[in-house]
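The chain below stands alone and is given in structure tokens; this is the form predicted on its own.
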């Protein structure tokens, strides 16, 4: 099963039961990492861990809400006891809620606090406990950094390398904003600032910190939403938003995360990498004009957003 570049490394993937997190757990395991899946869905988490072990990987699962400090602490302790070390933390968990939709006027203060605790606070807590464990673990067994290279004369001892990787999941919603989505938009924007700050703070310890910003990813849950409210014409409308003319699948994001966790990405830190098929680079006026004719030609199209938009009116 292993492609080898993460052999001897141990990872935690929050929200790792299904969707982007599920695909990421499988992809890291395929590269040789031992993976701890942390999720609130016990059945799906166990099924994903079983799928990994049945194909020759090593995985365990733990049930818990990562916005709670005791869970953040416990998952790191579990990884250290289960695998003997910690090298990778992928922070993906998030559970939406209808009460979190709306503007600053509409959102209840409790929903604001709960949403930001999970979107941003959980990532702070994850790093708070994971970073010391990564430093304690040190580089993976057998790691050979080679000679201290680079232009110019080198002085002193080389800095730590290959100590750890943190990948935070932001969104295109952290780069461009949607109306009446205050909690999610602010949270995903804050993930970007959090990532950059962590990259500055933990780089000297040999830990890189990056973020990915997925576009429209058709996860298992999203597929169900499309089946319930949507049709082929509506789905194709979404595909037309993307220069690559398709929406994403979880593996698109998982492959990107695996690269950021690999030795080949050792000199990349503090970046926010859109995995969005080019969605966020487009001038919106052109997109609107390109889609106008398609919408007029398909008056019966339905998307999974239709029910939500109707409820907002």
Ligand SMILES: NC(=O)c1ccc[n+]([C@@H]2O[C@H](COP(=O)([O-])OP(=O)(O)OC[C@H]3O[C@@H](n4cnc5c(N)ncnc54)[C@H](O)[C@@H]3O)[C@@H](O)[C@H]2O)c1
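What you are looking at is a predicted structure, and each value in this text was computed from that prediction instead of being measured. Residue numbers count along the first chain shown, from 1.
Unshown form predicted together with the named molecule; subsequent notes refer to it.
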What is the one choice in 115, 126, 164, 215 with a heavy atom within 4.5 Å of the named molecule in the model of the complex?
-> 215
The named molecule in the model of the complex has a heavy atom of only one listed residue within 4.5 Å, and of 93, 183, 198, 88 that residue is 93
Which one, 133-141, 183-191, 201-209, 227-235, holds residues whose non-hydrogen atoms are within 4.5 Å of the named molecule in the model of the complex?
-> 183-191
If you check in the model of the complex, do 38, 169 and 221 all have a non-hydrogen atom within 4.5 Å of the named molecule?
-> yes
Can residue 303 be called a contact residue for the named molecule in the model of the complex at 4.5 Å between heavy atoms?
-> no
Verify the contact flag for residue 46: yes if a non-hydrogen atom of it lies within 4.5 Å of a non-hydrogen atom of the named molecule in the model of the complex, no if not.
-> no
Touches the named molecule in the model of the complex: residue 66 (any heavy atom, 4.5 Å) = yes
Although the named molecule is absent from this view, report whether residue 20 comes within 4.5 Å of it in the model of the complex, heavy atoms only.
-> yes
In the model of the complex, which residues of 193-213 put a heavy atom within 4.5 Å of the named molecule?
-> none
